[in-house]
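Form predicted alone, single chain, as structure tokens, below.
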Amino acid sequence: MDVILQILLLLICAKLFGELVERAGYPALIGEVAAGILLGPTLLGWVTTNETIEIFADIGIIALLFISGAEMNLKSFLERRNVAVSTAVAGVLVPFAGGALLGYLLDFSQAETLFLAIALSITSIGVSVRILVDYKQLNTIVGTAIVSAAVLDDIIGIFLLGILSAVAMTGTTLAGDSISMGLLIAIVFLVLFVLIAPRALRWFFDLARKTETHEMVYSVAIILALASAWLSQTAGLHYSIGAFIAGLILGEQIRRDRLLFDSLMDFGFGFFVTIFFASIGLLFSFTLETFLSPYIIPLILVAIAGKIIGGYIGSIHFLTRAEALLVGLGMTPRGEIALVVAKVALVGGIIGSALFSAVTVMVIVTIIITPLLMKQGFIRAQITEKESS
């Protein structure tokens, strides 16, 4: 089928399903992922993942993180750095330990156990942000804690991915020098970006406002988002990190121009972000044997429990119990980086196709179930707040 027709079908179905799910009181992303599953190889087989869809999906995650960064308050984000660090560390260590224990109990090899621990320790910042946006909780104390912790979580995840890549290239021997160098480059990039980017990005943005072309500010905002994402990826970090920081830096200027902010929202959520979530559903390509795998149920349970417990432990000293539980729930979804980790492990011969398929099922299940759990969490938090007042 022609790629344009595939994208057209994917967009129509994703928007239709998203609207139906949102009317039922849940985030549209559940319907968008479901559209990908329906149209993908498992069911109808009308749409398959291809280079064009992957590019649109990448732009979608960049747009989502840039817009989310712009929507957040930079001062509040920095003020909550303590809870972010604590939550990120606990949110990685607990599921990492759970994955290692699960690998041991399932009698996996050391390399397979390391893969499992890494795959379970990484949160999907894109999915978490989308859920918070849909529930209008992005700028709350819970939302800021989840997003800031997820950003740090992704940085830790990149380092863990470097370790796994070294294992894939050298067998069971870790290439310590290459890992250290990669981590050093990422840290140097972040430091330089935080020091230099604010002045540079704001200067470009102000310069765009002085031009005669009325859409120039809109174009420059997109250019800066893409450029920051590219620089981040070049330094070895996920491109979502650069896009998010750029949005955070330019947030105040973008929010002052309501027309610009609304246009960026339409640019992202009207097409690219929808394609990103629908493309996740396209990965749902499995046979009956996949679902009969003994790995799937334990994997999903450990994945969900590990993040909830880790997020709760990391944030309970700073938040109420209900809020800490919400933070744990918000860090539950795995996504694009977990899938990258799985692909690296599969190509490197660390894992087989059965474990790869099980991890992919786990990723999709956590993406679908997290909004449902968070809705109940927000309801419970509101009830607790009313009872205490």
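Don't overthink the numbering: it's just position in the shown sequence, from 1. Note that the structure is a prediction, hence the values are computed from the model and not measured.
Not pictured, yet referred to below: the form predicted together with a further copy of the same chain.
Visitor: Only one of F291, Y104, F205, W230 gets a heavy atom within 4.5 Å of a further copy of the same chain in the predicted complex. Which one?
Guide: Contact with a further copy of the same chain in the predicted complex is made by W230 alone.
Visitor: Using a 4.5 Å heavy atom cut-off, which residue among F189, F284, F77, F269 comes into contact with a further copy of the same chain in the predicted complex?
Guide: The residue in contact is F269.
Visitor: Mark L372 yes when one of its heavy atoms lies within 4.5 Å of a heavy atom of a further copy of the same chain in the predicted complex, and no otherwise.
Guide: No.
Visitor: May I ask you to check whether T52 falls inside a 4.5 Å heavy atom distance of a further copy of the same chain in the predicted complex?
Guide: Looking in the predicted complex, residue contacts with a further copy of the same chain include T52, since a heavy atom lies within 4.5 Å.
Visitor: Going by a heavy atom distance of 4.5 Å, is D58 a contact of a further copy of the same chain in the predicted complex?
Guide: Close contact exists here: in the predicted complex, D58 approaches a further copy of the same chain to within 4.5 Å, heavy atoms only.
Visitor: Although a further copy of the same chain is absent from this view, report whether S263 comes within 4.5 Å of it in the predicted complex, heavy atoms only.
Guide: Yes, S263 lies within 4.5 Å of a further copy of the same chain in the predicted complex.
Visitor: Just to confirm the contact call: exactly one of 82-90, 292-300, 246-254, 233-241 touches a further copy of the same chain in the predicted complex at a 4.5 Å heavy atom cutoff, so which is it?
Guide: Selected range: 233-241.
Visitor: Is a further copy of the same chain close enough to E112, R321 and I337 in the predicted complex that each of the three has a heavy atom within 4.5 Å of it?
Guide: Answer is no for this spot.
Visitor: At a 4.5 angstroms cut-off on non-hydrogen atoms, which residues of 242-260 are near a further copy of the same chain in the predicted complex? List them in order.
Guide: Just L259.
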